[in-house]
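Here's a solo chain for you in structure tokens, the form predicted alone.
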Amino acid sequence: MLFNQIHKEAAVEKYIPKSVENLNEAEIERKRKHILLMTQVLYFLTNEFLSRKFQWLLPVIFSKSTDPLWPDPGASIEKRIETDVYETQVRTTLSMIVHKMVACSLFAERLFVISPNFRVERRERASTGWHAYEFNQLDFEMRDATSRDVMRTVEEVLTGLAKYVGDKCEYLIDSEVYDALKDVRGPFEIRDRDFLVSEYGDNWEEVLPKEIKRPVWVVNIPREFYDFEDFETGRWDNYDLYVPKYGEILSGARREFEYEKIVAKMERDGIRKENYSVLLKLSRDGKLKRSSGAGIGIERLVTWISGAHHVCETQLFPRVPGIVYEL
């Protein structure tokens, strides 16, 4: 039994999705099921957030200001894509966190976006089965919300999604996954990153998914300047959600909003303040509001629910790190 499990995990790690023209009939049918399941997941999520009075906004593709993804130790960007638009240098969106903070402060107290992200991951991440160089997130933000508010919202949404998929989409998912979804219900267990490091070492992110049977929150993760950090205790008020077998499917935090604190963190971490002048001006003028939010990886969510071998298998046109197909 143990040998079969190890063999199965090794096979998943080595599985690389093919380009569409190289799929056989069985693989085409599997792809069709993933597309149908993706449609059902998006249908449920968008309707669920709309029912909770969130405003549905459109994404930003290019911007002078985007997520620095630094000094997050989990980031593995090989290069950043930059281009000129009207003689002005812009980048592809690495995440919409900065835009969400601004939009939530000025325009919508609750918002969500289906946001494309383009991150040139290191080539060796192709074999993890959990990384793509282009992917989508359901990014959401809530004004005056606490971390617990966000975590409770996510628990309720994912519990509802698991039941919806189990009731409506059993024919689209593996039987093993179908049985596991019945056990998805909040509240989820919470574990501190410091404890995980002491328990499993620096590779805790690889070990944890193999140890858990249900989704687990991981909190207190040193990260970018916009995640709230208590300077007195050194603790971070943020949270990632990990699912069995695969890994992290959601990342979020309570946000920093005080000008002096944001500037101090930028200077400490070597972040170029000129890339965030709008955010800093709003903060200095008292217009940046308290908020908390998160981003749910859509392809990762569907991978977990479907039991797919590789996250890029859930994409119609796979975006595998290190491989660029024609389509």
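Note that residue numbering begins at 1 and tracks the sequence as displayed. Given the structure is predicted, the values throughout are model-derived calculations rather than measurements.
From this point on, the text means the form predicted together with a small molecule, which you will not see here.
Contact with the small molecule in the predicted bound form holds for none of S127, H309 and Q315, as no heavy atom of theirs lies within 4.5 Å. Contact check for V263: no non-hydrogen atom falls within 4.5 Å of the small molecule in the predicted bound form. Taking non-hydrogen atoms only, E121 never approaches the small molecule to within 4.5 angstroms in the predicted bound form. In the predicted bound form, no heavy atom of L57 sits within 4.5 Å of the small molecule. In the predicted bound form, the small molecule sits beyond 4.5 Å of every heavy atom of G247. Heavy atoms within 4.5 Å of the small molecule in the predicted bound form map, among the stretches 293-301, 273-281, 22-30, 42-50, onto 293-301 alone. When the small molecule is considered in the predicted bound form, only one residue from T159, S76, S95, N220 comes within 4.5 Å through any heavy atom, namely S95. Checked against the small molecule in the predicted bound form, the residues T153, S251, N136, S105 give one hit for a heavy atom within 4.5 Å, which is S251.
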